[in-house]
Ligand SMILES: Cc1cc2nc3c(=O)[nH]c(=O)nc-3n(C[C@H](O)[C@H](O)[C@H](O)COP(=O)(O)OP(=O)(O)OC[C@H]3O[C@@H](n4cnc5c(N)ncnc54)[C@H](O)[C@@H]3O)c2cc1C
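Next up: a single chain in structure tokens, the form predicted alone.
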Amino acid sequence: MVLVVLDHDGSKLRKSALEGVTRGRKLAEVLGGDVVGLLIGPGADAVAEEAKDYVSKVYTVTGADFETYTAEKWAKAAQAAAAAAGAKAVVAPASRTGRSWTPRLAYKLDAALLEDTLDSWAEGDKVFATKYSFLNRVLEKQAAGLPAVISVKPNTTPLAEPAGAGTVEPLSVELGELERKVEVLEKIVESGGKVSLTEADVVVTGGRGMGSAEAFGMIEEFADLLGGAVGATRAVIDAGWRPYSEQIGQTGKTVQPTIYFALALSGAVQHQAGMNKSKVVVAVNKDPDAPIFKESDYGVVGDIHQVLPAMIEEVKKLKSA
């Protein structure tokens, strides 16, 4: 049996959940048993109606204790679901929250932990996985015995298709003193873009060369026209031009969109660590020797304040044609 912890936004499954189901199915082909899912927190009962089309059973964990996220609570819920299902492997998203609670779950299950994986599979009684290391420049292959906890790097795995109607089962989880040590007093949600940065097929990132916070209005307009998300470099975040939630790089988010626009940014190795696995990279920089051009598929040497408005106008023409 394989348990997949399904990430959701309270109304529908996220792409990362469907990536997890694909991984879970691949593991179950060798390990045996079904793929079951777990939904935690507000909206889990509603999302279960969608989730049951992808797995044989959906466990839901809701209630006052799970209205707000803490790593210990989520790890406890996953531990209870793994025990109920008799799961040999647990698959979870390598999101910011996922990376905080999966190590705790591995400890609770006395299990191996394979983090931020690009692929995973089973052979006999072992599981294997690949992941990037050294700023995404080295590909590692890892092996572990069972039980195992595996987190899935976003945008690396095909999305699962529905496979029939499963069942839904509420799961009661009793929290102990350890899980209650942290209490969430307030939650402040940043107002972000229309598209989630880690799930976007198109990412438009601006660097310090944009010149000002106001200039990012062009970045936002271009991203909106393409149905994409806005990203930023660390220098931009440090300058206070954009929120930290948009930072891409070694100390920010990792993205792997179909198209990545790198605009007015030099492309330092720390930034490349967050985007160098994008399928197509388009760079604009006035410096012909900027490192980003070595990572780009298409490059324009020019002033961003001349090039970007022209790009926006061309996209508008294409959309109105």
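Throughout, rigid core stands for the largest set of C-alpha atoms superposing within 1.5 Å between the two forms. In this text, residue numbers run from 1 along the sequence as written. Computed from a prediction, not measured in an experiment: that's the story for all the values here.
Missing here is the form predicted in complex with this ligand; even so, the following discussion is about that form.
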Hey, with this ligand in the predicted bound form, do Gly207, Arg234 and Asp303 all fall inside the 4.5 Å heavy atom range? yes
Do Thr97 and this ligand share at least one heavy atom pair within 4.5 Å in the predicted bound form? no
Looking at the partner-bound form in the predicted bound form, is Ile259 within 4.5 Å of this ligand by any heavy atom? no
Can any non-hydrogen atom of Lys286 be found within 4.5 angstroms of this ligand in the predicted bound form? yes
Check whether Ser196 has any heavy atom within 4.5 Å of a heavy atom of this ligand in the predicted bound form, and answer yes or no. no
Option touching this ligand, based on a heavy atom within 4.5 Å in the predicted bound form, out of Asn276, Thr70, Ser56, Ser266: Ser266
Only one of 151-159, 247-255, 220-228, 180-188 has residues with a heavy atom within 4.5 Å of this ligand in the predicted bound form, and that stretch is 247-255
Superposing on the rigid core, do we see a C-alpha displacement of 2 Å or more at Ile304 between this form and the one not shown? yes
